[in-house]
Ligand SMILES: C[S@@+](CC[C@H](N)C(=O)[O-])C[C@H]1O[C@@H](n2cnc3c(N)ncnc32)[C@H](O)[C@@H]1O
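One chain follows as structure tokens, the form predicted alone.
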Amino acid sequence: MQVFHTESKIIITCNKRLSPYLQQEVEALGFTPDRVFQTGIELTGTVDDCIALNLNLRCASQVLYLLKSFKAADPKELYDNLVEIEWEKLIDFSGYFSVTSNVNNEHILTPLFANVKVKDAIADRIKSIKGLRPNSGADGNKTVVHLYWQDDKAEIFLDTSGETLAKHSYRKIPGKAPMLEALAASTIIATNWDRNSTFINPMCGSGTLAIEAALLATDKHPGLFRMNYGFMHIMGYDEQVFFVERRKLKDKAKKDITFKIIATDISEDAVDIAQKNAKTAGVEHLIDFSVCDFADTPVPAEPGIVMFNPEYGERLGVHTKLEITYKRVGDFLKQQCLGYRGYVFTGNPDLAKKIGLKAARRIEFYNGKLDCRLFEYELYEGTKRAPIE
């Protein structure tokens, strides 16, 4: 089963509402999506293509390669179809594999039961041919198989990513209420920032937005921070394909920039964490960190964007205090950031009203299960700045 060179359906998953930004990335790599949906993209390609996708994508979660589609009304039909696949040509009998699933079938009360049926089919098939059963468990750091089963329609995939791509592997210290790296990258892409002008991130927390901005500006991709993927544990894997793709990423990454990326926070601990995360990402020298109240953040004369991700009362903070904070954010944008475009990411629309500026755009996102918006403010001089009554 030569999956590395055989074309099949590929599903690239992402968190809800990130697919427009994932689509931009996929098309920039030269792929043409067959379908775009709310939590992902479908295209056609080989597992070698999956290697390139895994190393390059910032907004994705998993890259799944289809092995087989079939009808399965119940667990027995599921098992019977799966045991026919040549697993012995995909998973080493001395290896380890795990199973994930997305299941909605009347016979399945818990996805764990479906996972066990998949594990049994794989292990039984390999034992019948090789005489030994491979080990299996919950760890996603070796071969990963994914089952998608809705009613009587089932699809079985190789998860070529393994552990999620949504975490970019540089953030060793998360800080309080951190923004997921894939979400942070998507929000920056959504601003249409030119990646060549000032980027200011007051209230930087653990530094994710500033770090992702530096990675975008230098064309440095998450694949440079990670050395283990699901595709590496599929039989037939040629490590040269991986190292050639990784070399391309290293060669095109820029070392320096000609503009300012500024990150500030009133918490000394937060700035210390942000600096350590930036150092792990190799971009510490590109970001001007400082400890100060956000209103004292330096604003260069050369305009660009200023981006806030303040607390919004769901996990942290006290609501009445946050109303004052949001009003001060609006004052800072109005008084100190003229000529810039301002952005505030929040899950609290009532607090957003306290900013006192009319939003040019309200871009929809989710942070976990929380419905959020990225508010865009065009910070013109004079009458174009229109406060909300």
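Residue numbers here begin at 1 and follow the sequence given. Computed from a predicted structure; not experimentally measured.
One more form of this protein exists, namely the form predicted together with the named molecule; it is left out here, but the text below deals with it.
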- Message: Among the candidate stretches 191 to 199, 206 to 214, 242 to 250, 113 to 121, which one is within 4.5 Å of the named molecule in the predicted complex when only heavy atoms are counted?
- Response: 206 to 214
- Find out whether any non-hydrogen atom of Asp139 is located within 4.5 angstroms of the named molecule in the predicted complex, and reply yes or no. no
- Query: Could you tell me if Gly282 has a non-hydrogen atom within 4.5 Å of the named molecule in the predicted complex?
  - Reply: no
- Message: Would you classify Pro134 as touching the named molecule in the predicted complex, given a 4.5 Å non-hydrogen atom cut-off?
- Response: no
- Message: Considering non-hydrogen atoms and a 4.5 Å limit, does the named molecule approach Gly223 in the predicted complex?
- Response: no
- Message: in the predicted complex, does every one of Ser267, Cys292 and Pro310 come within 4.5 Å of the named molecule, counting any heavy atom?
- Response: yes
- Lys353, Arg361, Lys68, Arg328 - the one with a heavy atom within 4.5 Å of the named molecule in the predicted complex: Arg328
- Message: Counting any non-hydrogen atom inside 4.5 Å, which residue from His107, Lys76, Lys176, Lys127 sits next to the named molecule in the predicted complex?
- Response: Lys176
